[in-house]
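The chain below stands alone and is given in structure tokens; this is the form predicted alone.
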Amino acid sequence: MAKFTKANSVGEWLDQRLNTTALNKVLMTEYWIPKDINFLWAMGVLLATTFGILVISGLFLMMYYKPDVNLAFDSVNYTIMQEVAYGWLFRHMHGVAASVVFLIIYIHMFTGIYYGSYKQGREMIWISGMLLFMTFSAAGFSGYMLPWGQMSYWAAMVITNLFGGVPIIGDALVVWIRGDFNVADATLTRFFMLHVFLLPIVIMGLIGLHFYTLRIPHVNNQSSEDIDFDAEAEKYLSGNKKESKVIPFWPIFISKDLAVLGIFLIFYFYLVFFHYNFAMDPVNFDPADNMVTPAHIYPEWYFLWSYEVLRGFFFDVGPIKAFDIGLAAFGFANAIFLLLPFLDRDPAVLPAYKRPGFNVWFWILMVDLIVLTVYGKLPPTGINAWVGFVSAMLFIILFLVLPIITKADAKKRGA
């Protein structure tokens, strides 16, 4: 058994039993971050903070929400919004955070793509991050259903119907997910459980995994320079801080993160108090009615690009139905980012501006995703339908040609 001496403080007492000094070094004071980074590297802290806001505001909302088809709508729009003191504030905070968190995720995700932070030892960082994105997407969809408004109901109807396209077990799978032959009370309670219990636990576990995967390959930098972190850390610890290419996470790097976080919170609370309606669809302020279909059904803005890929294929091709083609394209769109480290065949970790072909590919992808998002909210009629089809095809083609483009870039550099 280890020998313990009398502790002179609570901190020393804990250190003897939990080795908090070593833990503090590993996670904070001797966790090294490159100097050559910008504000885009603060997105992780913004995501953690926004997730914290979602959890805390969600706990307050859960005290008054009723997961029952006869009570859910009134519990949100009357009890929480009008009767509970500051209930409106917690709903606005939760709704805005649910939308803003995806904006941060997309910035974080495409920053990683631009700087090549997904290969050469960083594959697990990328994969764990994409699993987080998928889990956040599931949480976003399940939460969208809970107010039990018109768009909540019909979005749930459309999305659960997609599982009917799974060969052989599709129809049974839809019934199993809904807990009924239709979107009903059993569906609401299942999605409530997913949203408030199961998915938050999975998200917390994946956040821990994501942080852990950063330990060995370390954080990338703007020039994608291959830094010898041990040697640079020695320089820093010996007092040669100016020439060292790294800084400690605590207190140097976190102070920069907190500066960005302060600016973000000003923006966030401005939306909460003055422009919260952008996160709440007007159609969803009507109670769910399975006898009245909205003129145009669409998801929240952060799902519009993949929704447009789904419905972009609006015509049959021979014996293959449009629904089946769209479903396959939708599956492709939601899984392909996970495989990005293996599609990029350039062995070098370089930012996009140092890879001419990939740079063009990246910005075409950005424009295409914006077009898909814009047209995903428009009725799929006339020219809108054809723009959606061309954009969906372009999205698929971009990823099919990515290995060729990245190999060509590597060949030009003589790699």
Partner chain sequence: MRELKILAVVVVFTLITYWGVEPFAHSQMHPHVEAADYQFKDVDGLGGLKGDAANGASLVQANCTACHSINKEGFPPVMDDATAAASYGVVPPDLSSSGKLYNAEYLAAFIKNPAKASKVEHKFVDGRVHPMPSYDWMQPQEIADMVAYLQSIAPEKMTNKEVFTDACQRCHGIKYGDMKGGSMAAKTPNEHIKAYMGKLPPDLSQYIRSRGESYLHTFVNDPQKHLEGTAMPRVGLTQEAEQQVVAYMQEVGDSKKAEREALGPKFLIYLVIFAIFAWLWKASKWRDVH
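Residue numbers count along the first chain shown, from 1. All values derive from a computational prediction rather than experimental measurement.
In what follows, reference is made to the form predicted together with the partner chain, a form of this protein that is not presented.
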Tell me, out of Leu27, Ala48, Leu40, Val55, which residue has a non-hydrogen atom within 4.5 angstroms of the partner chain in the predicted bound form.
Leu40
Position in contact with the partner chain when the complex is considered in the predicted bound form, options Arg190, Lys256, His218, Lys119, heavy atoms within 4.5 Å
Lys256
At 4.5 angstroms, heavy atoms only, are His94, Phe337 and Leu340 all close to the partner chain in the predicted bound form?
no
Please check if Leu89 has a heavy atom lying within 4.5 Å of any heavy atom of the partner chain in the predicted bound form.
yes
Close approach of Val158 to the partner chain in the predicted bound form, 4.5 Å, heavy atom:
no
Could you confirm whether Tyr64 comes within 4.5 Å of the partner chain in the predicted bound form, counting heavy atoms only?
no
Touches the partner chain in the predicted bound form: Pro167 (any heavy atom, 4.5 Å):
no
Within 4.5 Å of the partner chain in the predicted bound form by heavy atoms, the stretch out of 167-175, 136-144, 301-309, 209-217 is 301-309
Would you give me the residues of 123-143 that have any heavy atom within 4.5 Å of the partner chain in the predicted bound form, in order from first to last?
none
